[in-house]
Each structure stands twice: as C-alpha cells, then as structure tokens.
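Starting off, we have a lone chain in the form predicted alone, written out as structure tokens.
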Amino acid sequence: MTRVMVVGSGAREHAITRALCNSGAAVSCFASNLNPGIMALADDLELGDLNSPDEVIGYAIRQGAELAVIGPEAPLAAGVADALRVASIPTVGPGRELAQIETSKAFARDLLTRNGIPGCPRYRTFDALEGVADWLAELGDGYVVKYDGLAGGKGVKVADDHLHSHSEALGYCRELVTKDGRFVVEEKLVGEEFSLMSLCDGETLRHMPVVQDHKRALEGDRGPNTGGMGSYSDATHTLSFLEDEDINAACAINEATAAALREECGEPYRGFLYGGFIATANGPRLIEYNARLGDPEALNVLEILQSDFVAICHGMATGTLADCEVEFRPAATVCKYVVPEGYGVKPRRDCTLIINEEQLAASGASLFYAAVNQSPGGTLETTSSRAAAVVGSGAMLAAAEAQCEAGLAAVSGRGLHVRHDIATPQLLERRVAHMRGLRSGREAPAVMAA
C-alpha cells in the first residue's frame, strides 16, 4: 500500500483523497482546515502552513510519504514541490519556475509567443503607466487588465464587467503600479469558456474530458465573478457548443506548452496542466493556465475516472505516465457548489451546514467539503468561501443534473446559496446559440467573455 501525502484541504483535495483511497492508497493530509470529508478518509490530517517547504517536508517524513500530491497553487509558487523532490519524495506538482505558467500572466503569454504556440490574444505587459493609455486606445472597448501574479482570482478586471471606461481602467492600472505590481493589458476574448486539464510527466500528456465552469455567482450568468459556482461535463467527453477541432486545437496547445516549458526551464513539468480556454469565432484561445487541477473541474473528472489514480500520480511524478492506463467512464457529470450568501462580494461568515447523510446516500450523488471546519461538537461551520460541492453523474446530462439536485436536497443550513441553473437545458441552449451566432458571423451577446 502506497503512502501518499496530499497537500491542501478544499473540495479539490477531498476529491483527490477519495480517488487515491479508491485506488488503494493510504493517505496523510497536510491541511489548512479540518475538512470532515478528508478526515473520514485519511489516516492522518495535520494543520500547518501549506506554503512552508520545511513544514510540509517535516510532515512528509513523519508520515513516511512515498508520493506527494499538491492541490493548491500557492504551495507551488512557494517552492514546495522543489523541496519535496530534493528530499527524494516523488511529487505531483511543478517546481516554482515551471509554476510561473500560472503565477505570472506575462510569463505564460511570453512563453507561447516565443515558441509560436497559437492561442494568445494581443497583449502588452507594463510595470508603469507609460504607454497604457495608447494601448487601451488601440484595443478600444474590448480589453482586460490582469495583475501579473497570484491574486486569489481577484486580479483580473474585464471591460464592461468591472471596468466601464478607459479612465476606470487607468485607475486600476495606477493602483497596481502603486503596489509595485506588473500587469498585462490584453484583448478581450468573446465566446464560450471551457477547461482542458492534462496529466503531464514532462514528456507524455494524457488529456482529461473537457469541462465548463460557471464563474458568475447568480443564475443566468449574472452577478460577480467567483472561484466557481459549479461545472459540468458530458458523457461524450466534449461539450455541445464545441466542435472536434476546438478540442484538438486545445490539446495541441497544452502539448506544445509542456514541451516549451521543458525546453526553457530545463526540467520536466510533472503535474496537472490546466488550460482555461475560450471557443471564439476564430477557434479556441487561451485565457490562462493553471498549474494544478481546477476546482470545481477536478470534481467532475475524478468522479468518472476508471483507472488507478495512484498509478497515474506515480507516473506523473516519475516520468512514466506513458506506461499508465488513463480511462474515464462515458458518463455526464454535474457539480453545483453550496456557498455562503453574498459569496463573491461580501459573504456571510455565520453559516452552518447540515447534511442529511441518509438522504444524500439515497440520491447517489457525491458530496465534497470545501472551506468548512468541523467543531469539536460535530457542527460544520462555513467560512467566507465555498462550503461544499455536490456532484451527480449519469448516462445523460439531464440524469446527472437531476441526481445533483437530489443530492443538494440533502444539504441545508442558514444563509446558503446555490446556482441551480447550471447544466439545465435552458442554459445549455444559450451556450449553443451563442456559439452558433459567433461562428455564422452574426453579432451575438457575450454570454461568457474573458
């Protein structure tokens, strides 16, 4: 039995832990909160600083970890993966330099541009206000301002959504300069977003089914952007608004990016390479890269993974992924998050979560805990972030959505919010109609834009 250390304690790490345990691993978790789902599965859970290489390595050694899987992005930026490899612990997660594919927007754009990899919008990088106004004038009304580093999902501001004039855009740029922040100003892309996550050992890539995340807090794609209110994948492992060439092009971009990272950084990228893409009238474009599994998208793909996840993780960590079987069930999945009211702007902090375990089991849905803590008395207390995710699966998307809703009926508590329209026929048809209009050359409202 392989002893695996999981770093992180959100819903993504709950799903990772479950997949590892289902493949026969013994799991120890180095956590930032007392996730009750992980506590029920893991042999040990210890709280500590996820971004401290010394603390993580100390825990790994005490637990006798033979393999490590890093969930969140911040430990990657802090060099935790590098330190684990120095300690001779095979690790799923890129080193600090490679993780710049997520931690620096400019690094990612420049890497693709230098290597002739398609998918980039027009962009420029700044560390002062000089030239910004001229570049905004050239872009017109379609622009995005992105803080270069990690900002917890709050560093990107989009024209019309957050910024309503060039004056407001310059004000945000001035704010970033004042904080000594480098930033990217790029062309706004209009279309439908999708996520393609790839397993990577530096040489071999194995692509996971594509997923669509829903960032907006409110139904009908309204309200502020969030860390993700839910997501879905189809039994065909494609999405109704995508064409085969869109997925093929996204796969090719991920493959070329992994090769460019190895060439430029001098070491293999070993971990999850997550491309956030947008299908446009002119094919897929890259919005951003993440250096880890997405949340909620990980919950969709791991729900239908048929193959041995321990073997896959070991393959990524040791450069032997080519020897691993990677298969996913032909099933649709729907994930919907339970969050505190006001999430995305001013979330409540006094919510409790109540799970009817018997009703949840009867639904057949899976539940994954996120930013909750279990009190000594057993009460589940939420924080200001997402609380729990419910995932349904089925032969058809409608069946998966119905199972997800049945699972959500087992979750109660005061001050909670869910986007119930995710993966419903009405919303799916809007996606299809939007792309049909874009591809035909007609003007169409932007349902999803970045």
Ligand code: AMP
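Bear in mind the structure is a predicted one, so any value in this text is a computation, not a measurement. One-based numbering along the sequence shown.
The same protein also has a form predicted together with the named molecule, omitted here; what follows describes it.
*asked:* in the model of the complex, is there a heavy atom of the named molecule that lies within 4.5 Å of any heavy atom of residue 132, even though the partner is absent here?
replied: Flag for residue 132 set to no.
*Please run the contact check for residue 225 against the named molecule in the model of the complex: heavy atoms, 4.5 angstroms, yes or no?*
So residue 225 counts as contacting the named molecule.
*asked:* Taking the named molecule as it sits in the model of the complex, is residue 201 near enough to touch it, meaning that at least one heavy atom pair lies within 4.5 angstroms?
replied: Outside the cut-off, so no.
*Does the named molecule get within 4.5 angstroms of any non-hydrogen atom of residue 189 in the model of the complex?*
Within the cut-off, so yes.
*Of 117, 265, 78, 158, the one that lies within 4.5 Å of the named molecule in the model of the complex (heavy atoms)*: For this set of options, the contacting one is 158.
*Counting non-hydrogen atoms within 4.5 angstroms of the named molecule in the model of the complex, say which of 139, 312, 258, 144 makes the cut.*
Selected option: 144.
*Out of the stretches listed (287-295, 324-332, 89-97, 250-258), which one is close to the named molecule in the model of the complex, meaning heavy atoms within 4.5 Å?*
Result for this chain: 287-295.
*What are the residues of 66-104, in order along the chain, with a heavy atom within 4.5 Å of the named molecule in the model of the complex?*
Not one residue comes within 4.5 Å of the partner.
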